[in-house]
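Here's a solo chain for you in structure tokens, the form predicted alone.
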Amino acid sequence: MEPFAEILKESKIFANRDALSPHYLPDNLLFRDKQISSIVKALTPSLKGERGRNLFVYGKTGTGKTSCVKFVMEKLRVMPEIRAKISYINCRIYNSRYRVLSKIMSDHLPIYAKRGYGIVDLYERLISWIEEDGKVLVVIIDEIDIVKDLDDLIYTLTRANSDIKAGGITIVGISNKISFKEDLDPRSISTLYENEIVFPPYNSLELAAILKQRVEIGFKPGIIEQSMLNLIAAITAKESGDARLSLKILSKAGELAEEEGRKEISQKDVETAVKSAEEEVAYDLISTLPEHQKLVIYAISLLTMQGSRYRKLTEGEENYLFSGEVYDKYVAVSNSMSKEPKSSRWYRKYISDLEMQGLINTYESGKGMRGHTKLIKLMYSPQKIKATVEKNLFRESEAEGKTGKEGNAGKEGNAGE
């Protein structure tokens, strides 16, 4: 029974582990007063029961977008004079138009969220519910760019405002990519009529203050020195300004100290936690990539494991791949999954996006290596990336009842291509 007794022992390090989670909402969100005020101002007409403009909130991961929107919503929920109804939708889970509509119905009319109702039925019932008393529904769509049929979703929600005789729907979209609308159909963009708020990354001083705020709640006294918080903040600010990464490093450092039975976090704990946390964030990021970016990085992982067919030409180039062979592999994987591969122009954009997010590295080769070409290198374990994409993409296809060629893609990958 000793191992089980160990589980129940009081922690020497942590006072409240939840406070170190990026999902924890403190009573005060530091350095985001301006953004919170902008969100409230943009939503004021909707909250009064009037049709307002849609709101789009942009910023890199860990800049406080979701926390600020949730903070505003939590404050508003307890105000009796607020006339709007609110639905928060996490698109990592609800990643299609049907799932988004089902979640809205589950929040407000749960009897209609059961399986069996089609999109038209849900849409008509939603409109009737809004028209009953002229209410406004505020739909918060977090990581909106992940929705697979986003054009259809936006068209449905914006079209509803034309069909609703009294009341309306306001969209609050949250995205890591300010450019995500470039992928939308022009007709969808023309219906949005939105406000926009862009969240800047945190700097090192801000990150250090955020960490100190969480340490005071999450750790017991004297566990970590301010110099260690400054170190975590400096490392994270240099990389991305991502508060989530800072918190992940802090939490991991605490776990390392606790595993060794110490009551203080050392610099070594922090340095070890940095490497571990960066990998975890990378694999989390891959899970949120749009479908075709997932297929591209999947192709890169397969080729990295297999080895470039031009490996003799890239000898001494640290396992770089030729951009052309990666594109060919991406096309093959897409076809095996019955997905229409994008053009080479879109492929180049995906490569640029993956590099910007730190998942790959590229450089232009000099003359003489099959001419002038781009070389690509994966920055993380190909085996882990392959497993992450398969878990994400292929299991999702199975859950939706898709079989056939997709299954062959998974088997092809498992064969070690």
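For every residue, the number given is its place in the sequence shown, counted from 1. Predicted model only: the values in this text are computed from it and were never measured.
We do not show the form predicted together with a small molecule, though everything after this point is about it.
The three marked residues, 26, 29 and 63, each reach the small molecule in the model of the complex, with a heavy atom inside 4.5 Å.
Contact annotation: of the candidates 87, 204, 191, 213, the single residue with a non-hydrogen atom within 4.5 angstroms of the small molecule in the model of the complex is 213. This chain appears without its partner; in the model of the complex, the one residue of 247, 229, 235, 302 with a heavy atom within 4.5 Å of the small molecule is 247. Picking from 104 to 112, 177 to 185, 263 to 271, 237 to 245 the stretch near the small molecule in the model of the complex, with a 4.5 Å limit on heavy atoms, gives 237 to 245. Although the partner is absent from this view, residue 54 stays clear of the small molecule in the model of the complex, with no non-hydrogen atom inside 4.5 angstroms. Heavy atoms of residue 46 never reach within 4.5 Å of the small molecule in the model of the complex, leaving it off the interface.
In the model of the complex, the small molecule sits beyond 4.5 Å of every heavy atom of residue 388. Heavy atoms of residue 357 never reach within 4.5 Å of the small molecule in the model of the complex, leaving it off the interface.
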